[in-house]
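Read the single chain below, which is given as structure tokens and is the form predicted on its own.
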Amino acid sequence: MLTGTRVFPIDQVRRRFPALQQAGRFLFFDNAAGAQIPGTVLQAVTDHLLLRNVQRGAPYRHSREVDAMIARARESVAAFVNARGADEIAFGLNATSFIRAISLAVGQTLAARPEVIVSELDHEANVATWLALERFGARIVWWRVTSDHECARLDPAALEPLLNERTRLVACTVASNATGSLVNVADVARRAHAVGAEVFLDAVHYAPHGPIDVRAFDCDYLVCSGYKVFAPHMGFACCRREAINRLPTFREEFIPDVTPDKLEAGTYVYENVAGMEAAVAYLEDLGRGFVNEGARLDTVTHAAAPASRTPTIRAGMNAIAEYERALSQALLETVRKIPGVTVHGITDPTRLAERVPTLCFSVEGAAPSAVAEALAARDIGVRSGHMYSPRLVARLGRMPGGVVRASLVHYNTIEEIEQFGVVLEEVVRRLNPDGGDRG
């Protein structure tokens, strides 16, 4: 399909991912639980382990190379999220550990503003961590999904009656881990900041699907996990330096009490940070093809200035978002025509820009686990359950069994969706032979 003036290079993209080349007929439709990695990412991890698997901070060459890699990775991730500087980027184990570390710090600053707003749409990691502050005196305020709960979205206007001078922070996702619905987080920030509250964003599910711009989002804190965005298992946080530097975070006495050091307690997995740097370079390569038609997609380039790299990365992420809208449309059309299947979330084809290609659905008369297992037997990987969003799935009326989720990224194809539709229809017919009304 076209993205602006250029066809999205799906064949070239797929050649960059070794797992796709070795998968045979298997369909990776569970990417929200972890995406595959480009070969350049694998090479970066391997090179680190073979050539510089040492601790940073020493004067010998290998250690200095680790220091240099971490510095480059900060610059790369800063460019990826459009941070104001590399010092606003911290690395760690995963997004959840960052949410917990920051929530514990926020919990020590609740005297004048004890209220924390959390949402029904969010992954449990961005809910339970804040609920745990109740023992420290926090008052939790719930931001509910819209009354048309099948659409499963958050309306920023519904924040207005919840926000006041006692609000310390609003915690919400950028995209639902279950339904793929997007949240207008810039509007959230505008409303929260108007009463002096801060904004904490979980960008884990959104990150592989479109450009992250912390300046446009105007958030105070944002967390993400590398394994969703074509990198190994690791996490990073982007924190507004003025906000994070005010918080009393845990650190050893000799560690500087400023970002990024104050959030990097202990040693994290350096080789996976090297992989994250390479993942950003891959996305930059993709973007270069859309800002420079003569560019190649098989090179890795490291540039020095994040400000100069951000537009190229954004071009790549915008191309991904446009291509994925075509995937969303095809996926919705394919699944909704199967009798007995109900899709949860935004299904209006004129609102594809409000979702990512993550499809949450249920099959009449069939347990979600049975659907997922039947698809697995036919070499299609999907997931069943509550998708770590039990409150949302309960609002959908789908607990305790949950739902089925198919989650696509930019290396998936229309042809794969067609194959998925054929198999899913056969599975539904077998599990529910009496049929049912079309969802």
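Residue indices: 1-based, along the sequence shown. Remember, predicted model here, so these are calculated numbers, not experimental data.
Missing here is the form predicted in complex with a small molecule; even so, the following discussion is about that form.
S.K.: Heavy atoms within 4.5 Å of the small molecule in the predicted complex: which stretch among 219 to 227, 74 to 82, 329 to 337, 309 to 317?
M.R.: Among the candidates, contact is made by 219 to 227.
S.K.: Give me the residue from 249, 94, 347, 342 that has a heavy atom within 4.5 Å of the small molecule in the predicted complex.
M.R.: The residue from 249, 94, 347, 342 that makes the contact is 94.
S.K.: Report the residue, out of 240, 123, 262, 288, that has at least one non-hydrogen atom within 4.5 angstroms of the small molecule in the predicted complex.
M.R.: Contact check passes for 123.
S.K.: Residue 209 versus the small molecule, in the predicted complex: is there a non-hydrogen atom within 4.5 Å?
M.R.: Result no; residue 209 lies far from the small molecule in the predicted complex.
S.K.: Does at least one non-hydrogen atom of residue 202 fall within 4.5 angstroms of the small molecule in the predicted complex?
M.R.: Looking in the predicted complex, residue contacts with the small molecule include residue 202, since a heavy atom lies within 4.5 Å.
S.K.: Could you tell me if residue 177 has a non-hydrogen atom within 4.5 Å of the small molecule in the predicted complex?
M.R.: Contact check for residue 177: yes, within 4.5 Å of the small molecule in the predicted complex.
S.K.: Is the gap between residue 35 and the small molecule in the predicted complex 4.5 Å or less for some heavy atom pair?
M.R.: Looking in the predicted complex, residue contacts with the small molecule do not include residue 35, since no heavy atom lies within 4.5 Å.
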